[in-house]
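In structure tokens, the next block holds one chain alone, the form predicted on its own.
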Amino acid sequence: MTQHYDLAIIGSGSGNSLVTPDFDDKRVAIIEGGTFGGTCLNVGCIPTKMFVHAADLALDVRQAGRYGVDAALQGVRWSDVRDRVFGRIDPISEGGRRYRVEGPNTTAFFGHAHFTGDRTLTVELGDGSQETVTADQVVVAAGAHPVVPDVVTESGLPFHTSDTVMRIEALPERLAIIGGGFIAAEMAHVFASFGVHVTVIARSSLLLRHLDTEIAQRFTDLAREQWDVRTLTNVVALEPGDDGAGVRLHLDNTAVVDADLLLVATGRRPNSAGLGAQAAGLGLLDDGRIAVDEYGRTSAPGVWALGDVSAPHQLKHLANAEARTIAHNLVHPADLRPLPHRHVPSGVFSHPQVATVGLTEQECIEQGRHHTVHVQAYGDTAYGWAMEDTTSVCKLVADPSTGLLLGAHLMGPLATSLIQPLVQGMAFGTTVHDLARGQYWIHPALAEVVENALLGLKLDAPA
């Protein structure tokens, strides 16, 4: 049976927010092949940060002695930590699912969808049956999935990804992580803070290599003090561990790593492969993303895409911003708004925390762009003294002729919050001088590190 809708949405993450009051008198289909609510709610941003918060507390206890406070970590109740997280998240997911089933003007289909023609979708339902859905407009918000190297899958040995590792039954004694990106950095912090011996195996010379090189080097140096970090290293084979338990990883430098649990954190790939892109007339980029124009339109008339399946960055706040834009564009074809892809910040909730926005120093050099750089240490501010901080920094990149910020890169406590005034300054075109001197900065708050970093930039014509 074929059912026709005004709007069909593939994906219930940020795509779920497209059902605005503009569609109150229309028919909307929402199609979800996984867990309702998408990556961020179920296996991404929210649960990971709930684990990170608990990990931060455990680490604070261990390090309290440096401030003259005697404290000891008596233990980590993993099942209680885990159940606190998913005891809140799972009901939210189920509530969203139920609302789309029972709520007004939406029909929910639970299964994998693929295009079979122009704005025509076949949905493979969980019971083995199929539904055909056609729509005036279709939005693909299908997200992404973990990438697993062949050497892991071909071994036949058990492994986890970020989709599953947070629900394990008990903490392992030894955890091996393949990958050096933000998932690896966050999960290494979580498990190491809970007392697990963590080994991180990365192909590149630096962890978080997508960051400004100086920040990535500083982070990698600190990571080596906390975890067993193997850089410039590949896994070439896997076999069962001692007595058949766990896993033994053979590295390309002839070394071996034994672990009770293996986490694969080698990136996430857009969920475009099974969408029937050719049947729909959707163009794909080399990395698997659906190609869209500046307004979010695909090459197929009436079909839009947003979020991890098409966006240049896999970030929930970017997907949400794209959803707000496309929600407008769906009902205002004569007043299209461009996707908001300028000054997109990101954060890594590891230890230390990292936040970044805009150009790195290396990008300015590669582009031949006139720039100036200043690195401000947290420890050179009053609150930095209070924290006994010796490693955290705020690095700013600016155009010395215009006085405008080009990039900001912070590493240290509260980096993801401290960067916000810099994001705002870039978004509104505020000069470095006005940002530093056009407002008060509370003394002796940690935000003074941002103020001092701004004042430290050498401009061609300082005010």
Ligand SMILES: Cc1cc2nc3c(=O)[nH]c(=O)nc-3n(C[C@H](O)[C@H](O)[C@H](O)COP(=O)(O)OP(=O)(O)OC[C@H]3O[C@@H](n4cnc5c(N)ncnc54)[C@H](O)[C@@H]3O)c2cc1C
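The numbering used is simple: start at 1 and walk along the sequence shown. Worth saying up front: this structure is predicted, and the values here are computed from it rather than measured.
The same protein also exists as the form predicted in complex with the named molecule; that form is not shown, yet it is the one meant from here on.
**Student:** Under a 4.5 Å heavy atom criterion, is residue 188 part of the interface with the named molecule in the model of the complex?
**Tutor:** Looking in the model of the complex, residue contacts with the named molecule do not include residue 188, since no heavy atom lies within 4.5 Å.
**Student:** So in the model of the complex, is the named molecule close enough to residue 111 to count as touching (4.5 Å, heavy atoms)?
**Tutor:** Heavy-atom contact with the named molecule at 4.5 Å: present for residue 111.
**Student:** Does residue 200 reach the named molecule in the model of the complex if we count a contact as any heavy atom within 4.5 Å?
**Tutor:** Contact with the named molecule, no.
**Student:** Can you tell me if residue 227 lies within 4.5 angstroms of the named molecule in the model of the complex, counting non-hydrogen atoms only?
**Tutor:** The answer is no: residue 227 has no heavy atom within 4.5 Å of the named molecule.
**Student:** Of 77, 317, 332, 250, which residue is found within 4.5 angstroms of the named molecule in the model of the complex when only non-hydrogen atoms are counted?
**Tutor:** Checking each option against the named molecule in the model of the complex, the one that comes within 4.5 Å is 317.
**Student:** At 4.5 Å between heavy atoms, only one of the stretches 396-404, 429-437, 57-65, 41-49 reaches the named molecule in the model of the complex; which one is it?
**Tutor:** Checking each option against the 4.5 Å cut-off leaves 41-49.
**Student:** Of 1-35, which residues get within 4.5 Å of the named molecule in the model of the complex if you count heavy atoms?
**Tutor:** 10, 11, 12, 13, 14, 15, 31, 32, 33, 34, 35 sit within 4.5 Å of the partner.
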